[in-house]
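Next comes just one chain, in structure tokens: the form predicted alone.
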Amino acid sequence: MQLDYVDLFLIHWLGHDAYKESWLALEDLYAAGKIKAIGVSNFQVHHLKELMSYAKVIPVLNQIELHPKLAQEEIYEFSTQHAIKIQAWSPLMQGQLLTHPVIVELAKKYDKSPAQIILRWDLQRDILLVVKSVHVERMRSNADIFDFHLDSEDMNKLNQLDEGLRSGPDPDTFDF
């Protein structure tokens, strides 16, 4: 890559629980200053506990599928307790949530788009976001979430949508 260092390096998938060797190699690169931060992606609480049983460096980030239909409360609480930031991939559930009646109702109430309501819900929960679009107007709209706040009642409405429903693979059963 011809770089002096990498800002952030993640172990993306668990690889049949064969991540110990990879993590230890990342820790060596971190100690050498070649990587400024190391983290994981798609790790469940039991994976994080296993990792933390031997890790010298706690992951700075866990990138997981997270949206109102999959709030991942157990990982969220564990990560908060251990200062691991959560980054949501597929926060809009691949667009499937944009027509949900509760989200559409809130979008009308706040004069925002359904996507903005969902992204604001994440932001108010201190969740980092990975939002993908090739459309400039959607990119601008997705970034326009800092001029309003969802009240606690509306946050609760969104929290109650959790069904444990995934749009992507389950990290405990995914086989690549």
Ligand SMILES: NC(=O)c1ccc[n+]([C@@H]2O[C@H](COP(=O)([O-])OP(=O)(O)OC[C@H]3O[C@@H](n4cnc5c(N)ncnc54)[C@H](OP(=O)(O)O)[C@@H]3O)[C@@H](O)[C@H]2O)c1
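It should be emphasised that the depicted structure is a prediction, and the values quoted were computed from it without experimental measurement. Residue numbers run from 1 along the displayed sequence.
Separately, the form predicted in complex with this ligand exists; it is not shown, and the next lines address it.
- Heavy atoms within 4.5 Å of this ligand in the predicted complex belong, among the stretches 43-51, 27-35, 125-133, 104-112, to residues of 125-133.
- Here the marked residues Phe78, Ala83 and Thr173 all miss this ligand in the predicted complex; none has a heavy atom within 4.5 angstroms.
- Arg138 belongs to the set of residues with a heavy atom inside 4.5 Å of this ligand in the predicted complex.
- Although the partner is absent from this view, Ala71 stays clear of this ligand in the predicted complex, with no non-hydrogen atom inside 4.5 angstroms.
- Taking the partner from elsewhere, Lys20 is found to have every heavy atom lying beyond 4.5 Å of this ligand in the predicted complex.
- A residue is said to contact a partner when one of its heavy atoms sits within 4.5 Å of a partner heavy atom; Arg166 fails this definition for this ligand in the predicted complex, lying far away.
- Counting a residue when any of its non-hydrogen atoms is within 4.5 Å of this ligand in the predicted complex, the hits in 73-98 run Trp89, Ser90, Pro91, Leu92, Met93, Gln94, Gly95, Leu98.
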